[in-house]
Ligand code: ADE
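Take a look at this one chain, the form predicted on its own, written out in structure tokens.
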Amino acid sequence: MSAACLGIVSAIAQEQQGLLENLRQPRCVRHGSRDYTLGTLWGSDVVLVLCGIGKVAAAATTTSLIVEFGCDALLFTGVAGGLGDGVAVGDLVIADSLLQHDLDARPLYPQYEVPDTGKSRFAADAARTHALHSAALTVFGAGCPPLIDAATQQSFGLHAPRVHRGLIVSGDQFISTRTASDALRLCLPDALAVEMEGAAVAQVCHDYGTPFALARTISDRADDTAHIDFGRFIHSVASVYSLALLQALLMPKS
């Protein structure tokens, strides 16, 4: 493996199935309780890993990718609940910054601020986020052919996916009621989506000076309707979107 290596992280197995199928010269390494799969993906040296669900699992996995496997950049893909106006099921949200919505060390520190950092929002790497956004527009932009068949679109009530970019918030709770999602919108009105890992990845990458980018497919609206068949949505929609997005990002340009 060359010095440049990209760590690709997801929380759930179905999210990486397509990537694993396209991996060349795969080699699995067990470290701690996780399996890291090394290989090449469209010519790029990568390490694929499932971090599991939650901020602690994400932070531990991110640290291993950087320290044990020498990854010099990270990319996180997965699903999230939509919060922002116009962020609908099937859309893609790319993070400009991330924040832990359940972190509150008041009165010692301001709400959401990570102690001893002076920061509540951790920025994604600008260049890699721009590249990810550009790749997303080539896959999901106006006039692009649909990636999902008509029956699946109808089943999940999908429209042509839109690409959003902004704040994503993370916490160790699954937001699945209108009361909880409304509370987040009130406190963090610019938040586009909510999930359970990204801000932890952002904090660890900040600590190590490692650039990262993050994209999430919206699986629900983080309210009382957030009880879809997640396994089927991830297999039929989110994993398809992730595969197409990564291929557009990593495939060498002719």
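All residue numbers are counted from 1 along the displayed sequence. Here the structure is a predicted model, which is why all the values come from computation and not from measurement.
Quick note: we don't show the form predicted together with adenine (ADE), though the next part is all about it.
Contact here is defined as any heavy atom lying within 4.5 Å of adenine (ADE) in the model of the complex, and by that definition not a single one of Gly90, Phe156 and Val237 is a contact residue. The shortest heavy atom separation between Met196 and adenine (ADE) in the model of the complex is within 4.5 Å. The shortest heavy atom separation between Leu98 and adenine (ADE) in the model of the complex exceeds 4.5 Å. Under a 4.5 angstroms non-hydrogen atom cutoff, adenine (ADE) in the model of the complex has Gly81 among its neighbouring residues. In the model of the complex, adenine (ADE) sits beyond 4.5 Å of every heavy atom of Gln203. For the options Gln173, Gln111, Ser134, Thr179, the residue carrying a heavy atom within 4.5 angstroms of adenine (ADE) in the model of the complex is Gln173.
In summary, the region of this chain contacting adenine (ADE) in the model of the complex, judged by heavy atoms within 4.5 Å and restricted to 25-33, 38-46, 212-220, 63-71, corresponds to 212-220.
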